[in-house]
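Only one chain is shown below, in structure tokens, and it's the form predicted alone.
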Amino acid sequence: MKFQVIIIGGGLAGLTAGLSLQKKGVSCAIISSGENALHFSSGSFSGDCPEEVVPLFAEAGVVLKGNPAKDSWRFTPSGSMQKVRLAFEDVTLYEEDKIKASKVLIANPEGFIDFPTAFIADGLSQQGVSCKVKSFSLPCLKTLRESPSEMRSVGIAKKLDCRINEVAGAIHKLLDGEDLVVLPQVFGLTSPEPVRALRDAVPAEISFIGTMPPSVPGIRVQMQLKKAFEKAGGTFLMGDTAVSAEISDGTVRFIRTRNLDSHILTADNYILASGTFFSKGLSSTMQKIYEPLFGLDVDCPTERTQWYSEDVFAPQPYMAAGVVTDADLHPLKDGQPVTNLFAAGSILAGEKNAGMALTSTFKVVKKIAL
């Protein structure tokens, strides 16, 4: 099969590149193994973000709040405030690094252990805010509580998204003069409407805070972007993995995937947006860190003892590993650029954040769509 562009990776960088290129009339295929970093997203983007992402996502039904070039603050599951630039509409953004509330209710579905209420309460207390932690229960959650593996964010969202009025009623009974309600991000799996409806129905400000993965808003946004990409004419190869590639004379000739077996995929250009270790964009042995598909040059410490810091709270050097590129984001192989291959997102060496991923993605899009 032949496309103008083949993108390896269906996460934030891959979907943003594919959607943007399809809207520019460039035919794309995205190879996605399935789960990606969006499924673990907290719902916000840090680092300088390109302005183009806001209208592009809006066309896909993804509302982004904030300013791409100015910091806002969000409340985190650790009970602290974090600088961010953009966020999904679920997330409450603040102009200052403190909660503007006098009394806070932390409300959690009964039996849900993936929401760190103690950390949140401690963080609020350190800000001088009075808070209480209470749980609520609905009959529909009883079957989930019988199995810890089912009492997860996605399972809860499937039950509660169609019962927002019941949820609002349960929260209303817990309120005792609080002006802020903190809830886990377990609403809005397939649409942001349940999030909006709950905010309208509860007589207090609501701040949704991330839980242990999987991320409900992250999954929703991934599905929204995928749907928009396919609607624009793109081909999304879901549950497939690029397993081999041929490079000769400094260009990629074709790639093969697990599902397509002996069939090859060819394109004028290729984008490597495969992420790092979590999504297997990078791999390692006891001796080295390497890029497994194309065998590209990787920037990382040569000695294993330099991959990590003994201080578990310090930045870990291996997390900055990534492929080496030239100024046009062509990855290098044996010191030479692969001229029809581009790299975008966290596969790049250096700091990893959503702003960097999006900035590199739009740079690649502009190079290809010239």
Partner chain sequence: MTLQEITGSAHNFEECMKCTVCTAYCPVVPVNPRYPGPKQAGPDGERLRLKDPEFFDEALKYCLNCKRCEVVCPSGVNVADIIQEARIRYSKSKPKLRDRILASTDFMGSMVRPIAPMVNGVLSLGLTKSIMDGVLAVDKHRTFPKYSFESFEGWFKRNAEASQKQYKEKVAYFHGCYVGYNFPQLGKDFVKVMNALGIGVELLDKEKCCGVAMISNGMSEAARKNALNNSAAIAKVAASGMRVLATSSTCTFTMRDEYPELLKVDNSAWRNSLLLATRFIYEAVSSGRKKLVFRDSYKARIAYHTPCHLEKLGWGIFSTGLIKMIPGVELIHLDSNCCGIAGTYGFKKENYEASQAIGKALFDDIASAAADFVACDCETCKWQIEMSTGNKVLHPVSILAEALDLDLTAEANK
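Predicted model only: the values in this text are computed from it and were never measured. Residue numbers count along the first chain shown, from 1.
We do not show the form predicted together with the partner chain, though everything after this point is about it.
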Original post:
Looking at the partner chain in the model of the complex, do all three of 70, 79 and 134 come within 4.5 Å of it through at least one heavy atom?
Top reply: no
Original post:
Out of the stretches listed (51-59, 329-337, 299-307, 26-34), which one is close to the partner chain in the model of the complex, meaning heavy atoms within 4.5 Å?
Top reply: 26-34
Original post:
Do residue 116 and the partner chain share at least one heavy atom pair within 4.5 Å in the model of the complex?
Top reply: no
**OP:** Could you confirm whether residue 173 comes within 4.5 Å of the partner chain in the model of the complex, counting heavy atoms only?
**Re:** no
Original post:
Using heavy atoms and a 4.5 Å limit, would one call residue 278 a contact residue for the partner chain in the model of the complex?
Top reply: yes
Original post:
Does the partner chain come within 4.5 Å of any heavy atom of residue 239 in the model of the complex?
Top reply: yes
Original post:
Here the chain is shown alone; which of 227, 83, 288, 196 has a heavy atom within 4.5 Å of the partner chain in the model of the complex?
Top reply: 227
Subject >> Answer option from 235, 244, 251, 125, heavy atom within 4.5 Å of the partner chain in the model of the complex >> reply: 235
Original post:
Using a 4.5 Å cut-off on heavy atoms, which residues of 1-21 contact the partner chain in the model of the complex?
Top reply: 1
